[in-house]
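There is one chain below, alone, in structure tokens, taken in the form predicted alone.
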């Protein structure tokens, strides 16, 4: 198998989905070993670094890529299997940012209240114990939390020639911020342009569902993944499969429309997989689905529709692609 290792220079970061030339052309089946910077592009390194002084909203969520996948055409399905995600730094950062977050007034939820105070937290990474440490800023409380690496941002170029900021989640994927985008998962994305032009970034060392304050434990990430291509079958919304679940991520505002988008696509997926009509699929979904909230802070909110495979008939999802990629992953030597 072909293996490509790539660490972008800052001038090679992609800040949008669409509108950016590919850094590489790759074949289906390629293994990628990628480094990606954190959402703040490394600008928050100390508790004295304040977002209003250190950050530029035009340059957040730097992406590694995009990658042109040979043979990918509109209507195809890109399969990205995440083999490993390992922190690339000994620390991660989180912050409260003025007029951003789930529990403050924002530009979309306008109020007359002043913004919450800016504050930055630095989490130390213990790779031996596989933890990150929360240290309260106004007391002596310190807590070791289990590390749970994930990628906040995975996506392809949008349809219709659109160029979208890497802060946005939508049908093309993007800044979905779901903890389900983790090692052992396969993400299925519909291809909109020749080559797919996918990129990834926004590593999180851990994140609660919803990403309440708007930032996770943000950190640079080493990611190993396998790229495959399925001809046809493009889903409307990003889909995820792991060993135990099928998932769809819907993104919209208000929150219930994000939930509806994922629910509808899962109804359609059930119909494809099991030959059910829509109402039977709807009924089955109603009795089996979970709905973890991915984010309630981004330009669009994201909600996961999640169903345990153990509750469903056994079937070959995308021809058994996830199982194939899991087997491939076992052949890949660690870094």
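Since we're looking at a predicted model, the values are computed, not measured. Residue numbers count along the first chain shown, from 1.
There is also a form predicted together with another copy of the chain; it is not shown, and the following applies to it.
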key: Touches another copy of the chain in the predicted bound form: residue 232 (any heavy atom, 4.5 Å)   = no
Any non-hydrogen atom of residue 269 within 4.5 angstroms of another copy of the chain in the predicted bound form = no
Partner proximity in the predicted bound form: residue 47 to another copy of the chain, non-hydrogen atom cutoff 4.5 Å = no
Distance check, residue 91 to another copy of the chain in the predicted bound form, heavy atom within 4.5 Å = no
note = The one residue among 256, 73, 126, 243 placing a heavy atom within 4.5 Å of another copy of the chain in the predicted bound form is 256
query = Picking from 153-161, 221-229, 195-203, 180-188, which part of the chain touches another copy of the chain in the predicted bound form when contact means heavy atoms within 4.5 Å?
reply = 153-161
request  = Let me know which residues along 273-292 have a heavy atom within 4.5 Å of another copy of the chain in the predicted bound form, or say none if there are none.
outcome  = 275, 276, 277, 278, 279, 280, 282, 283, 284, 285, 286, 287, 288, 289, 290, 291, 292
